[in-house]
Ligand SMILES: NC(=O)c1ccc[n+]([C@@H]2O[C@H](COP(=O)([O-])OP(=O)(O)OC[C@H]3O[C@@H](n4cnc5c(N)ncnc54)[C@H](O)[C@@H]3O)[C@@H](O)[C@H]2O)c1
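Take a look at this single chain in structure tokens; it is the form predicted alone.
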Amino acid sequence: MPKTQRLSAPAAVVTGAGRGIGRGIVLALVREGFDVVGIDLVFEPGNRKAGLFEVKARVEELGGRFLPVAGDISRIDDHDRLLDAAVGVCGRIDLLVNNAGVSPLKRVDVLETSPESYDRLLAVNARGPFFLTQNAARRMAAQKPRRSRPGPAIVFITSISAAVSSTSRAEYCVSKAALSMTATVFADALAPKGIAVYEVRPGVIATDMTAGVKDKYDRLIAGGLVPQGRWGAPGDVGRAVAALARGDFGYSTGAAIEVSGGMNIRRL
């Protein structure tokens, strides 16, 4: 993305943009005409096969604009720099997608969960997004509204694990449940300011994060775990976010949208 402002295009900030669900979200937003600032912990300008700069190349193939930014969202004192980068090239922030997250380094029984693992997941998956959203929301509230577009929006990518127990990764479930309530609280607080807030809950999505348990979920899906009978793809989540970004659910702030192939259906 050239370091010139293009104020006509809506501007999105996507965390964890270098791979998986974040990558899928970026590409979906670019197809909707967004300029995107992608934040990721891994920043390798020489790597065009994976990561932020692979995403940048793909965005440019689509005719879009993408600015890669190195950042760790758990470092709250760095949030100004991350959001300043977006405002510097886009002039504003129309959409924030809190996607970045980590899984436990090792799956263990809840009775073996360590304080170190718990603190790491809460810092990245819940605390960081809370304060990044606080910062971005202040900026959004101070912006001049666009006449031709819906108001600004914030999307939290949580997980079905926000409401579904997994005893071998308890700290992950707790972090996603906390993030889900974060979405609810901000939706409540920001509605009077014209800022919509949504939660998207992915199910079993094929990404690097789930690659290590592919065989397990292949068996579970074959056994009927997912009513629609397949793995989800990052593009499935990306299209849901794009619909929210377009304003298709403009009267639904606070909604939690599950992208799980029907895993939300209670069945006998």
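Here the structure is a predicted model, which means the values were calculated and not measured. Counting begins at 1, following the sequence as shown.
Keep in mind the form predicted together with the named molecule is missing from the figure; the text below concerns it.
- Only one segment in the set 53 to 61, 219 to 227, 238 to 246, 36 to 44 has residues whose heavy atoms sit within 4.5 Å of the named molecule in the model of the complex; it is 36 to 44.
- Interface residue among Asn135, Ser117, Thr182, Ser74 relative to the named molecule in the model of the complex, by the heavy atom within 4.5 Å criterion: Ser74.
- In the model of the complex, no heavy atom of Val108 sits within 4.5 Å of the named molecule.
- Using a 4.5 angstroms limit between non-hydrogen atoms, Gly101 touches the named molecule in the model of the complex.
- Though the partner is left out of this view, Pro68 does not reach within 4.5 Å of the named molecule in the model of the complex, counting heavy atoms only.
- Taking non-hydrogen atoms only, Val124 approaches the named molecule to within 4.5 angstroms in the model of the complex.
- Along 192 to 216, residues Pro202, Gly203, Val204, Ile205, Thr207, Asp208, Met209, Thr210 each place a heavy atom within 4.5 Å of the named molecule in the model of the complex.
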